[in-house]
Ligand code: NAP
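Here you get one chain, nothing else, as structure tokens; it is the form predicted on its own.
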Amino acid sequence: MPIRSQDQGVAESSHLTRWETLLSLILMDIAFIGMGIMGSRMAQRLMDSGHTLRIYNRTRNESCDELIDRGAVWCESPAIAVSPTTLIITMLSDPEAVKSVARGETGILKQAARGSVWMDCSTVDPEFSMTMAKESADKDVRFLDTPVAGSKGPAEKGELVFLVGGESDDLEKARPIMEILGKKVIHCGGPGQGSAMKLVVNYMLAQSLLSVTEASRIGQSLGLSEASILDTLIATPVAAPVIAGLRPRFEGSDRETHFPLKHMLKDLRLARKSQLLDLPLLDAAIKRFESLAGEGNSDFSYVYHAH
């Protein structure tokens, strides 16, 4: 009989535990709350992977009806959606939206099962996530702040990056679902640290957009073509990799809204709210996006075209 090393035994045991966890998740319902641009596509991917969803949105929209046609269960309140489940996912626009579905007689925390895991994929401030973690713990619900890096396309393809705050054991329970929805899971620390990292990421995204916008204007004012400027910037280390992905939006071949401008402004304001440091570039970014607030439902890349 071959002798297995201790490391081999541990690896096989870990592998088995992972598959057992995945199997248990496949066999249960998942409550998914928030059917916007991101949530609807994440929900669709989970259904494509064989999961049964109980869904709720504050307004029943076309995305809800499409999921219902495929077998999702529509629920009239968050409490009804979560009551028989052990995994809850929320993807909502801001802290107020999360509070509206979490609290009260029809809220998540009224009926969530003891020991269930709540993944909040919303982009909120870390202080708010810590508050939700405490309120959840009071109800014996395991809270993870799990905002994602990525927009509509990555959500459809399962290429999101999860930025996770919370306990390691709770993360491992939810990891199989995150791996269906994303290409990478980063444990950033305790409660609130996933939300903190998301504000860092979106701050850098905003600055990358603003810098390429002004660089393009400088170059064109000096007689360079827009195409040659973008070709050159993308070919050099000075441009963030995201710029290549945004290029179709700059040149007008992609006019869809992937990430609304109003949400970027909200995220920048949350970053400002969360600390007292002197950050002139953050303040300048907020001012610029505020000047375009009337275009809030446009993609955030609208900044590139605005004068």
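Every value quoted in this text rests on a predicted model; they were computed, and no experiment measured them. Position 1 is the first residue in the sequence shown; the rest follow in order.
Missing here is the form predicted together with the named molecule; even so, the following discussion is about that form.
Novice: Of 235 to 243, 274 to 282, 51 to 59, 65 to 73, which is the one stretch near the named molecule in the model of the complex, taking non-hydrogen atoms within 4.5 angstroms as near?
Specialist: Checking each option against the 4.5 Å cut-off leaves 51 to 59.
Novice: Classify residue 36 as contacting or not contacting the named molecule in the model of the complex by the rule of any non-hydrogen atom within 4.5 angstroms, answering yes or no.
Specialist: Heavy-atom contact with the named molecule at 4.5 Å: present for residue 36.
Novice: Whether residue 247 contacts the named molecule in the model of the complex should be assessed with a 4.5 Å heavy atom distance threshold; does it?
Specialist: Because no heavy atom of residue 247 falls inside 4.5 Å of the named molecule in the model of the complex, the answer is no.
Novice: Any of the heavy atoms of residue 92 lying within 4.5 Å of the named molecule in the model of the complex?
Specialist: Flag for residue 92 set to yes.
Novice: Given that the named molecule is not shown alongside this chain, does residue 101 nevertheless sit within 4.5 Å of it in the model of the complex, heavy atom to heavy atom?
Specialist: Judged by the heavy-atom cut-off of 4.5 Å, residue 101 is in contact with the named molecule in the model of the complex.
Novice: Just to be sure I understand the contacts: of 148, 144, 81, 181, which is the one whose heavy atoms reach within 4.5 angstroms of the named molecule in the model of the complex?
Specialist: Contact with the named molecule in the model of the complex is made by 148 alone.
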